[in-house]
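Only one chain is given next, in structure tokens, and it is the form predicted alone.
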């Protein structure tokens, strides 16, 4: 069953007096439980696509179905609600609040989803990424790899079926990046659908399928051997 389905997706941006096409008619699907990487040079449309399938932006035309829901027919409020429940985000720059402890950073998405902050569950999420002993530390007291582990724990707090990683190893050394990818691999084995944007072939090899984009089009869709 497709948890993500993109049908003839197009996105244009207005620059000056003209429309500039960024996505030029993408169609693909991601099945529940897949582990997929998205690759392509700068300007290929990867970030624009991730914003759309992450429910942070709308396409100019075409359809995007998220777990069977047509996001194009939703209000901004409904899309935000679905995003908080269905998707966990992990970013290259971690995006942690500097004055909050690791635990408080982890439970923050529960507030956005309208839930009561569950610190017990937050501790369990931190334990699942090997940081049970660092729950009271602020980001400045953590290494880059530890900060990314906190970000992964935060992405899990609402128990979403999908995890998006936007260059999640981009600010990390090779060894630490491998540790982070092992966590994503485990989450996928546990049933999460994981989608990673990366420039690094060695990171893409952790996934099971590579979607390559160029000039706003899907250039290839191939399994990882």
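Residue numbers count along the first chain shown, from 1. Everything quoted here is computed from the prediction, not taken from an experiment.
Just so you know, the form predicted together with a small molecule exists too; it's not on screen, but the next bit is about it.
When contacts are defined as a non-hydrogen atom within 4.5 Å, none of 136, 142 and 172 contacts the small molecule in the predicted complex.
The small molecule in the predicted complex is approached by residue 41, whose closest heavy atom lies within 4.5 angstroms of it.
In the predicted complex, the small molecule sits beyond 4.5 Å of every heavy atom of residue 192.
Contact check for residue 22: a heavy atom falls within 4.5 Å of the small molecule in the predicted complex. Looking at residue 45, you'd find a heavy atom of it within 4.5 angstroms of the small molecule in the predicted complex. Contact annotation: the small molecule lies within 4.5 Å of heavy atoms from the stretch 47-55 in the predicted complex, the single such stretch among 173-181, 47-55, 63-71, 29-37.
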